[in-house]
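The data below hold one chain only, encoded as structure tokens and taken in the form predicted alone.
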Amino acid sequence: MNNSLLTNKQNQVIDKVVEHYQVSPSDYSISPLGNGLINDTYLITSNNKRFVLQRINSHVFQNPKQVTQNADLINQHLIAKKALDEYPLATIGQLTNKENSTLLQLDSDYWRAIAFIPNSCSIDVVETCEQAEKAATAFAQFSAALSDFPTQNLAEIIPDFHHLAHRLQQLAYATNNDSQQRGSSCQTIIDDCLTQQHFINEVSELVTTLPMKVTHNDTKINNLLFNTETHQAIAVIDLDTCMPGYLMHDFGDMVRTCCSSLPEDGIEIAQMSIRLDIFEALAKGYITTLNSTISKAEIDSLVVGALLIPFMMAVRFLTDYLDGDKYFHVQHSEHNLVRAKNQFQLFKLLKQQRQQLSDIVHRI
């Protein structure tokens, strides 16, 4: 059963894919799911099953097998924790296909299927402090359950994913290469990014003092599932970028995606403000839930993470703009440049209010 929102070619490809999961091409419906910037995600519904089908972006994830292997290892650990009553959320397992694998390769595309949780929904935008605290609590429960996971067992899915100096090197290379002749249109923000040496040095020194943990690395609220009736968080999803990292990365991404008054591609950046009440709710949920699994040094690092991730995303969006939009999905030719300017403005505002953020974190 084809979906009119997809092209005939897309429908034909997915017909072949679902057969590997014991679904007849003539007996299913498909609908796009979520609004992620990287992978293509669909909900498959047939007479006897429902599951999430995802095409892994192999330009971004150059070793898709590592993505599914990491997710399997994390789920196994969380299942064991749940059996000990040490993890209150649901686990999201990957389904095996007819080849008894959680990864399917067809031609040059890689696919995987993920269990669907009924009576669940996602939230795209944090509207209340209660939602923010629930989100931070859920991601903290995820991190706490994985606090004793041996990080060396996980593959580094994207090398140097949160290595700031490396991201700036990529930006400098893209600027010098200027393959799309876009550099002249954004020289001011390029210079702004490349002249943050004091902050770059601070981050470089800080990470040498922090313990390595399993981090989610994409802690947007829409990577949680909520119960449609109780509105409680019930699962952490999208484990693609789970790998060794620092807790400040996960907290920083929550701040980045929850605390701005504008979406990340909002263009009225002069009107942007920081939602300090949301920041406080995030900090409260995160720190109190992690409790004994977070050190003083890690707590101290959270505000740096709040500045770091918007800055790093500004650098990454700008680099992708200069490279020709190869990494992030875009809706128009200037989309990544708009995002970069937005995120750099968020970084500047957070930097200006750094003392207030620190005061909030340290009174929890």
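These numbers come from a predicted model, not from an experiment. Quick note: we count residues from 1 along the sequence shown, nothing fancier.
Although it is not shown, the form predicted together with a small molecule is what the next lines describe.
Of the candidate stretches 62-70, 330-338, 296-304, 26-34, only 26-34 contains residues with a heavy atom within 4.5 Å of the small molecule in the predicted complex.
The shortest heavy atom separation between Q131 and the small molecule in the predicted complex exceeds 4.5 Å. For T45, no non-hydrogen atom is located within 4.5 Å of the small molecule in the predicted complex, even though that partner is not displayed.
The small molecule in the predicted complex is approached by D238, whose closest heavy atom lies within 4.5 angstroms of it. F199 falls outside the set of residues with a heavy atom inside 4.5 Å of the small molecule in the predicted complex. Residue in contact with the small molecule in the predicted complex (any heavy atom within 4.5 Å), chosen from L89, L225, I189, L154: L225.
For the residues I269, A115, L210, A172, the 4.5 Å heavy atom test against the small molecule in the predicted complex is passed only by A115.
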